[in-house]
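Below: one protein chain in two forms, given as structure tokens, structure 1 then structure 2.
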Structure 1
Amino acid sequence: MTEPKDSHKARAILRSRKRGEWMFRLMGLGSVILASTILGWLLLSLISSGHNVFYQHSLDLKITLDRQSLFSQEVPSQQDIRAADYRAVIKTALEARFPRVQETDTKKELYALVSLPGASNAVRQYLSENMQTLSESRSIILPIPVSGPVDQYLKHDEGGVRVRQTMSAQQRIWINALIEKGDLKAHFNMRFFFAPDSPNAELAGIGSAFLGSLMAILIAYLVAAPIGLGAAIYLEEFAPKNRFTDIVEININNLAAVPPILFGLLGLFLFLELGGLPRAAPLVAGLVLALMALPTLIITTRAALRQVSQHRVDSALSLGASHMQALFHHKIPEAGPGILTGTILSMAQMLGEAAPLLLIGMVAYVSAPPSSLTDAASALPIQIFLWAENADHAWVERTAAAILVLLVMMTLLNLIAFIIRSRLERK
């Protein structure tokens, strides 16, 4: 018996479907592998470039502090302690460490081994904490931060040609002598996490920018969360379905796709020009980020409310509950995991935004952490932007390290959203 033609055709169709399904799975698997490879390459490049920032070298230097030569008063004030000339003390200590150095040019090379601003800050901090116990003269050993070129020279194991070119032969001899004596030590770089920005790479940190970002995100959450959630609940549950509400919904969806820099222009006009608020303030940054977060919050909240089964609401209404009771006792708690997840993820997105903050003046150099919501401040994405403009290898490493910190913060926010959503869904 011959097989019917329809059977051959059906088998060909089945083979074509299986081949198409196999190709679709293969393309999906390839997309996942490609995305994972790109992400892994990005993380590895950031880690390889920025891991050196998380430790730094210091020089244990014997310093002689003479109260009479440093201060004109017997009992110096905090202002006297801040204004004293500590660079001369550091230079004298370096000359005492290498007494054979006599020529002026050679002394300049010797002074370049340490970060004079960082060394002055270390001595100033010691005196601020121990002035009451300081006698007329005292010799102490303080860990002094080395200069940026020396730190790069030690971290890269004398490997880079550019790093070696920044050090003279005499400086390399001094460094090797200090290493043999055990005076040069590596330690965890706490300064990077808590210090403000600085013109010197070895002293620059993200502390001020991190605080500015934290204050801006907190303000954005406090402003955007109640307004966004209230608007979403009203539009979804109470607003009449007419042309006006349709226009509002269309505009909200369009605002979610507006480039962030346009929100910066809006904030520049509303808060700086009309409102008269100070430039580069965390308050203004938080308000601008709140404007950006509102469309996303409204859309995600409405989507979470729509996912709740209408049968639950109808059951509450059939038992005599009012619309408000059914909404706040049943529908919103059921939609709570989705609403909370959307809120946290929108705040995580705002944490990485830099474009709108550029237009409100946060691109300016800020050397001190903000003490109030109206003080000038920077933000972590802006700090990364400023450091990325410098091609020096030390700044490139700090840029990569700051990006890693920002990625960790955003990952933690996403992890918190996932954990909270899982726990609420189990309940």
Structure 2
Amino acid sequence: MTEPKDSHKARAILRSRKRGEWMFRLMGLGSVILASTILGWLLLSLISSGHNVFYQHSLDLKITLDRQSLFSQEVPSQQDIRAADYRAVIKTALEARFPRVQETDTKKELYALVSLPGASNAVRQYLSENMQTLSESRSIILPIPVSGPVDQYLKHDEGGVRVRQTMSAQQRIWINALIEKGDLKAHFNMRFFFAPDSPNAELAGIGSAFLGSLMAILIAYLVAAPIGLGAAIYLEEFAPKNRFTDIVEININNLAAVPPILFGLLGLFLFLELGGLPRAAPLVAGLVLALMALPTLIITTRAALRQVSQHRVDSALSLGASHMQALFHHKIPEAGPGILTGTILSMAQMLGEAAPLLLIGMVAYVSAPPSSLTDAASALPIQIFLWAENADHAWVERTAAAILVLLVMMTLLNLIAFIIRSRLERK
């Protein structure tokens, strides 16, 4: 007659076990929801403030180019074209577009509709490409970038009271007139992706920072990948197991956890002070990032090597292959995808690294894209850091857009790594 009692107890245990499981699941689900909410909110806020940057307005303006008033020479050289001032041409063109404007103050308001440096650049570029065909005088229609405030006004026309206040009543009338004529148009903002940094928000782009990042990552890869692979293979396959290799191993693990800024200090000392390399150069940035990537690279490569099934290696050895042959014919090829995945992931991580680059001088405003590995350059995260200092709405938008670009690149790299890994697992 003990059976009812026993089954009662068993039921109680079962119930409490189920409750525990349920609680655990609930907690797990809760943290997943919390994490994805925060992440989603971050992404949403980035997109909502950054998406505006991906299009921009330009004004189709009829510009009269007169060689005699622009240049003193008969045949101006490229140098002359670059040096000449085109602001006057733009101003004249604007006045011709709205001939009734007479007072100096009103004229100033008119000029403020376009980005004068951007417009000058547009004319400069047109001239340097079409000088041969330019006769004495010619009129052309050029799309020229509108000024930052006008761009903002057009983008936030509906809700932005704050933005509207930056436009005078007269300016708003002009803008409406231009829109009605179809001269003010929105288009995809190529400039943002290819232009270098600029003090004018409407002209600033991530082009040169992107190029700087690309150069640095390439250097980091070329330096870190072979060294990391070599070190990992040596430690995993050939190093004797003694106190010295134990210490090396512990140090590698510790180095992977060292704050990035210390790698910047190390790079500053090694490459700038001892090595005498130039500040803010992509070469130095690449070397510092390589230093930083090495510990993780070695750890992931060793893990990939360790995951290779010993059976095939043993088979090769039993057929009389030497240790080296078994290693290079079987172990490394099989670990290849894993090693590649680790490398890509660590390069993606290095792409977002700003702190060590600040220390090697990558903080200054750089306008021109780097033309060599030792030119002063910027990098994407540095560009974001610099832009983020400006509270102005146009800059906030650009910062968000640059962060989005960085995120997309990192996601792409991670995706590649993921595809390689899942290919490997399917085999």
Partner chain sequence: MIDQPAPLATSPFNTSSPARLPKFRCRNVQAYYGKTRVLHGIDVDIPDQSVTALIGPSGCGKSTFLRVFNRMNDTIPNARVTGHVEMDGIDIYSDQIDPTVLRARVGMVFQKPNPFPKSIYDNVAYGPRIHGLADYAGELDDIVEHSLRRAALWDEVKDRLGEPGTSLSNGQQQRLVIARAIAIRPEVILMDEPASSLDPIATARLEQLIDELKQNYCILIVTHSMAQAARVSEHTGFFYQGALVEYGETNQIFTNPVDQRTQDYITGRTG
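A quick note: this is a predicted structure, and the numbers were derived from the prediction, not measured. By rigid core we mean the largest C-alpha set that fits within 1.5 Å across both forms. Please note that residue numbering is based on structure 1, beginning with 1 at the start of its sequence.
- It is structure 1 that shows the chain in the form predicted on its own.
- Comparing the forms between the two structures on their rigid core, the Cα displacement of residue 408 stays under 2 Å.
- Overlaying the rigid core between the two structures leaves the Cα of residue 12 displaced by 2.8 angstrom.
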